[in-house]
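Coming up is one lone chain in structure tokens, specifically the form predicted alone.
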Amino acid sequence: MTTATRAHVPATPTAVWLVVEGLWAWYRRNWRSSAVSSVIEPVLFLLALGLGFGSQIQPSAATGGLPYVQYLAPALVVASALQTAAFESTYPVLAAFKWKGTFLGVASTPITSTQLALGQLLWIFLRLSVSSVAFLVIAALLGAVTSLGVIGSLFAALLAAMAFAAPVVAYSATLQSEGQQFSAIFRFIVVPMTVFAGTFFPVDQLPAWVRPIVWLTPLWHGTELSRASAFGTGEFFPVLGHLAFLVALVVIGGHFVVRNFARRLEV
């Protein structure tokens, strides 16, 4: 059905929120499994690596003179948000197109494909917001938060995660079957990015030829922003560069999400 044949198309904010409500109606009955991966797992990482392994690491220039758990927390909130974004941008999107057919059902209503695409992105943003806030609250209770600058870390985490989510949602909207594509995203992009993009140790400790690859990842830019805010070490031009890179990914990815949803649903 094309938009030209639709009647009484709701205003975009209303339609986008209706999409979010529909996703929430399913999620509120199935939230437990995702809570483990998006909140409990990063907290366990913080306990094991920050308080456990980190107790053997002395504060140094590499950790900004801070205990390792405080050095790790602002980066871990970015990494965990990005991992959650990776999941929310792959299997649920393909399922809604192919296995559950919910997107096809929505497309038969006056809600347009653009409104549906924006609703899906807003839903992912809200999911990331809740899990990231929960992680930071627990991190604060564990003494891993150094200042109110961690609020800026939350913003950095959400921006970096959406910079990764938008292009992946656009890609997922083009797939007709699962295949090995999602496994490849997690094995060859998400996991290496988490390990090497500055979450656990400074990037300048990597071989010189690896660093340019790291600089292209949204996780590295988000981590740099997060630590700059949490530790109050941000400088104007580097921060502006990180923001510009991440915003560009969100805008470009969002454009392709809207385009690919229209191509698949407006037939």
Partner chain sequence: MTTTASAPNTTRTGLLLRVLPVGMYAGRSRALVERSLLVNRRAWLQVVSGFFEPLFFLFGLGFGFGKLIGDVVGPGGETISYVAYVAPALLAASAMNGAVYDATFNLFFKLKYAKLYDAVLTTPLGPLDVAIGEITWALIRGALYGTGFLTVMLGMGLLTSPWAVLALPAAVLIAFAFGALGMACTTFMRSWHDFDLVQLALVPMFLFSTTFYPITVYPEGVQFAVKCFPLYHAIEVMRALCTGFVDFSLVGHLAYFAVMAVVGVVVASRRLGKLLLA
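Residue numbers count along the first chain shown, from 1. The structure displayed is predicted, hence computed values, not measured ones.
Only in words, not in the display: the form predicted together with the partner chain, which the text now covers.
Enquirer: Note which of Tyr171, Phe125, Phe155, Phe196 lies within 4.5 Å of the partner chain in the model of the complex, where distance is taken over heavy atoms; exactly one does.
Expert: Filtering the options by heavy-atom distance leaves Phe196.
Enquirer: Under a 4.5 Å heavy atom criterion, is Ser183 part of the interface with the partner chain in the model of the complex?
Expert: Heavy-atom contact with the partner chain at 4.5 Å: present for Ser183.
Enquirer: Check whether Leu141 has any heavy atom within 4.5 Å of a heavy atom of the partner chain in the model of the complex, and answer yes or no.
Expert: Although the partner chain is absent here, Leu141 would stay clear of it in the model of the complex, with no heavy atoms inside 4.5 Å.
Enquirer: Considering only heavy atoms, tell me if Pro192 and the partner chain come within 4.5 Å of each other in the model of the complex.
Expert: Yes, Pro192 sits close enough to the partner chain in the model of the complex that at least one of its heavy atoms falls within 4.5 Å.
Enquirer: Hey, in the model of the complex, does Gly52 get a heavy atom within 4.5 angstroms of the partner chain?
Expert: Yes.
Enquirer: Pick the stretch from 106-114, 73-81, 129-137, 184-192 whose residues have a heavy atom within 4.5 Å of the partner chain in the model of the complex.
Expert: So the stretch in question is 184-192.
Enquirer: Between the partner chain and Leu240, Ala244 and His255, in the model of the complex, does every residue show a non-hydrogen atom at 4.5 Å or closer?
Expert: Answer is no for this spot.
Enquirer: If we check the partner chain in the model of the complex, which of the residues in 36-53 reach within 4.5 angstroms of it by a non-hydrogen atom?
Expert: The stretch 36-53, when checked against the partner chain in the model of the complex, contributes Val36, Ile40, Glu41, Leu44, Phe45, Leu47, Ala48, Leu49, Gly52, Phe53 at the 4.5 Å heavy-atom cut-off.
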